[in-house]
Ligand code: HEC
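Okay, here we've got a single chain as structure tokens, the form predicted on its own, with questions on binding and movement later.
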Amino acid sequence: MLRRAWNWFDDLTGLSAMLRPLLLHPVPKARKAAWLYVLGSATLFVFLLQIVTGVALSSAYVASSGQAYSTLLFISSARFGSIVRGIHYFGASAMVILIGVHAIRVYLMAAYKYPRQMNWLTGVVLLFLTLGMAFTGQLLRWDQNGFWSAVVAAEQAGRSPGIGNWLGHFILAGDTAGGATLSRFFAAHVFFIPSLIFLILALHLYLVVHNGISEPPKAGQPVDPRTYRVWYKMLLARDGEPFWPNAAWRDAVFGSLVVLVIVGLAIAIGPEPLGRPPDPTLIGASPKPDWYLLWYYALLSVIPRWSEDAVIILAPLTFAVLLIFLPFVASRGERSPLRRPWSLVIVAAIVLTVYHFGRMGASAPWSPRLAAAPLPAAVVGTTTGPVAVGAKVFYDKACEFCHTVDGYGGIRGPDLSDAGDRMNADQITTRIYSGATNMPSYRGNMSQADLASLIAFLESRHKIPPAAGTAPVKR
């Protein structure tokens, strides 16, 4: 009965005539490297998952500055709503990871060389569109973090020479962030960018079938555009196999496994928690991008101020230009990474840079800890007297937001857990009144009584070694 139904449907649509060339097109036998070729299809699996969950979320989401936050609260509390949000959140992360690793694999295997230059270029466009989807999705949470991230992005774009003012207005859809900004990001995230992804993806898949899947590289087999196509046809005739069933099943198994992991994480952990509702008057906010852009956020935070404009504009532009021109300036020659050791060095440098600055961005040592709670009595050591009053001044004057005391507080400034061992009262007074790099002067902003209490508190901070036979206490 199923066969008769399929024959009837196929007779009316001719679907099998379209699918047969796709399923039966020959591919090289990858053997040991076979599982390295599943990353692109896994990214497609996740993209389709994002479309399904995105449609479900958009059916309840209201892209209005007055209702977006409350509708997300409603979605999160509705039955399965939190799971759907979690799938969409972890799916975005998985898509960024997969397309990034896929690009690394293609680069290391030099699969961008002739005749696959356009395969590489369409893949680069898909990479940037994926990052665009991730960034625009962050604002749609419409909390403090998403709101101020859009403001920061517009400010950075505004530094572009000549068109900076126009770019900033285009991102914010006006002079300031508000309802129009949310509508613009929603339209980009739900309509414009997905449409472009579908269009470029169709071209990318066509080119994969047209030019064939690149064979695993071997040292001593350089690419020569004059003879490569003939050699590739001979390779497929001698040592090729149809895409179906082996390669197709590998793609299906790995893609399904990725989807199951995403669903499992969504059930076990849930979506990214919503922050506070957006408040443009709260200038003390410390916005952070999602993890895949944390490294860039950290890099911009530690570079010298005089170099910001050049790095913000030239670094992404240079990276994009290198990716675009790579397949044309290196379209021939060796493909094996063993004969291209500099490619391994470049990939290692990029991965280590992203990892190092990503960890730095997660801790954000340059940012005050505005959510720090007052020091507990166990740390202060007393609840009465000048030391206790000084601890309160230490918090009320925002010193604790930047300085650590016994593991509590911020990490932007020096650790003051042993301030009494390193400074006397005169030195403490000088520092408080004169200020320092990234530290304001409190001259005229602190009474003599508060100053005396703060000095008493800081002078009470000592590194006391643990008693013999006991382990030091960790807070």
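Take the two forms, superpose them, and find the largest set of C-alpha atoms that agree within 1.5 Å; that set is the rigid core. When you see a residue number, it is the position in the sequence shown, counting from 1. Everything numeric in this text was worked out from a predicted model, so none of it was measured.
In what follows, reference is made to the form predicted in complex with heme C (HEC), a form of this protein that is not presented.
By the 4.5 Å heavy atom rule, the three marked residues 399, 403 and 442 all count as contacting heme C (HEC) in the predicted complex. In the predicted complex, residue 413 approaches heme C (HEC) with a heavy atom inside 4.5 Å. Contact check for residue 436: a heavy atom falls within 4.5 Å of heme C (HEC) in the predicted complex. In the predicted complex, no heavy atom of residue 29 sits within 4.5 Å of heme C (HEC).
By the criterion of a heavy atom within 4.5 Å, residue 68 is excluded from the residues contacting heme C (HEC) in the predicted complex.
The candidate stretches are 413-421, 32-40, 60-68, 47-55, and the one lying within 4.5 Å of heme C (HEC) in the predicted complex by heavy atoms is 413-421. For residue 451, a C-alpha deviation of 2 angstroms or more is recorded between this form and the one not shown after rigid-core alignment. Superposition on the rigid core between this form and the one not shown places the CA atom of residue 59 less than 2 Å from its counterpart.
Remark: with the core as the superposition reference, the CA shift of residue 425 between this form and the one not shown reaches 2 Å or more. Relative to this form, in the predicted complex the C-alpha atoms of residue 271 and residue 401 separate from one another by 3 angstroms or more.
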